[in-house]
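A lone chain, given as structure tokens: the form predicted alone.
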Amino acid sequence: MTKILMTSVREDEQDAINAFAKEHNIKIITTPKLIDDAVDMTADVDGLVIQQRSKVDPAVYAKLKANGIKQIATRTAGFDMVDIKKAHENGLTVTNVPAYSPRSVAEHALMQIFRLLRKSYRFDTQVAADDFRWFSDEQAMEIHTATVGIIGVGRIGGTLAKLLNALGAHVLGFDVKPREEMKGIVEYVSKEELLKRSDVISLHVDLNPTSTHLLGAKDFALMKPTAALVNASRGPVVVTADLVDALNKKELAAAALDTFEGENEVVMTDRRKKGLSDVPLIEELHAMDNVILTPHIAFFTNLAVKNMVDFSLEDVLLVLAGKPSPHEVN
């Protein structure tokens, strides 16, 4: 019977894992550990599925090869935690899940766009302090009167664009590869024009050398002082120090960040006692009443979790059967 090890497994994934194992008549061994700490468990399995934000320990690749492992499947869209070159040097095929549920992230971004346009971050802070007043500068903008800019009009950004278009918003898009099928839904413009015209900007790019620090001080200076930013892509897409500075200078009005630089230090940790003093930029963002922070949960829906499990395991079975996976990373 085929045996597959899955690392960093959460309780909410277990039902989907059990269902897949039963349907395909395989054994799936799960552990909450990272592969760095569970590599010895691969000695008795055929395949491997991982999930983590931190870089895989370089020593892991040779150990996997020595244990007879032929592949690494990450059940995430991002694969920057894997050293692709080192994996290939050790005969390991790497796969990811590029589209586990575009709707999940798009809906999260849409929710945050609504919150930013309605300035709910201001009211949340006031009401929490027992202040039930409202002020002239808290007047909201109805979404059908707003211009929303999407940087990265791919699977997720395109899904968001369709939702926004259905609500009557004017949608601007910037993408290095404009999609013909999005014409009539998205007005494609340059990044600079998008920054200048948008009331809210939503980021939906993957992390690569061209998208790292895609938005910095010069970009924030182009935005309307009434505009807001949503980042539900990857933290390093934005220069966090520049964002903090721009918010302090009121070069933009607000931000909703599901992902941010330094998040590996705080996401999935309990900071109620320790606080955030060791991550000063995140601490400063957290203290701002015009910043909404969420712990990298835009993807976290019923369908997305099932697809992440199913697609990654299907890739393992394909590779083990000597067949190509459509999700192989080269």
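Throughout, we count residues from 1 along the sequence that is shown. Note that the coordinates shown come from a computational prediction; the quantities given were computed from them, not determined experimentally.
The discussion below concerns the form predicted together with a small molecule, not included here.
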Query raised in the report: Okay, which stretch from 110 to 118, 170 to 178, 240 to 248, 67 to 75 lines the small molecule in the predicted complex, with non-hydrogen atoms inside 4.5 Å?
Result: 170 to 178
Report task. Name the residue from H88, R155, R197, K162 that puts a heavy atom within 4.5 Å of the small molecule in the predicted complex. Result -> R155
Report task. May I ask you to choose, among D80, D206, E187, E193, the residue with a heavy atom within 4.5 Å of the small molecule in the predicted complex? Result -> D206
Query raised in the report: Does at least one non-hydrogen atom of L214 fall within 4.5 angstroms of the small molecule in the predicted complex?
Result: yes
Query raised in the report: Hey, in the predicted complex, does S233 get a heavy atom within 4.5 angstroms of the small molecule?
Result: yes
Query raised in the report: Can any non-hydrogen atom of T210 be found within 4.5 angstroms of the small molecule in the predicted complex?
Result: yes
Requested in this report: Although the small molecule is absent from this view, report whether T95 comes within 4.5 Å of it in the predicted complex, heavy atoms only.
Outcome: no
